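The chain below stands alone, shown as structure tokens; this is the form predicted alone.
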Amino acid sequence: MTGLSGARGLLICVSGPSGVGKGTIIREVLRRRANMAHSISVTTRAPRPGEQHGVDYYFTDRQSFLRMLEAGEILEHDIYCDQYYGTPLKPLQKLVAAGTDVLLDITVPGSLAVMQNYPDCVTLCLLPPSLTELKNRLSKRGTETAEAMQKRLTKARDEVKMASSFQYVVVNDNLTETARQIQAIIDAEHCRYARLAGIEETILAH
């Protein structure tokens, strides 16, 4: 990945089934932690009630999304329930190059694509305590038709089975505890020797 290699910031991919609470958890981690940003995805789906363009997502039409894809402006993309989702590349490059940790809220295949393009990324699979609880959360959201919710639940089964492809797995049963675990993962990643290579020479030189 040109422009990303050698950067000091961490690229943290947070994936999991629809309704698992990725957006809520990411907002909580951002609230608790300085020098961290959220990579805003671009999507062709319609905004849900309360969602804002440029805050929750960049909302666009299919034709514009495909133009961005063709121009190489999308790091990764996926089609989920007949809608396109992708990660804009330029804002991400700028943040990571500046040493800012960046959280990505992306689909499971999206995380797998980032792993291939940027092996230094940190991948985290957020799971529900059970499929029953996931169904309850989707129902409470009240934004899905019965058909759409069934599609998401069917997709969720496949996504849960892919947890072994990730470096970390966190079960989102409690907001506070989940956010704490994710912060611990980020702290541990910053302490990896591979990210601090040469630190001993710096210490011994002073």
Ligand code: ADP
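Since the model is a prediction, treat every value here as computed from it, not as a measurement. The numbering used is simple: start at 1 and walk along the sequence shown.
Although it is not shown, the form predicted in complex with ligand ADP is what the next lines describe.
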{"query": "One residue of 167, 150, 64, 174 in contact with ligand ADP, assessed in the predicted complex (non-hydrogen atom, 4.5 angstroms)", "finding": "174"}
{"query": "Heavy atom of each of 21, 137 and 141 within 4.5 Å of ligand ADP in the predicted complex", "finding": "yes"}
{"query": "In the predicted complex, residue 101 touching ligand ADP (heavy atom, 4.5 Å)", "finding": "no"}
{"query": "Any non-hydrogen atom of residue 73 within 4.5 angstroms of ligand ADP in the predicted complex", "finding": "no"}
{"query": "Contacts with ligand ADP in the predicted complex, stretch 96-121 (heavy atom within 4.5 Å)", "finding": "105"}
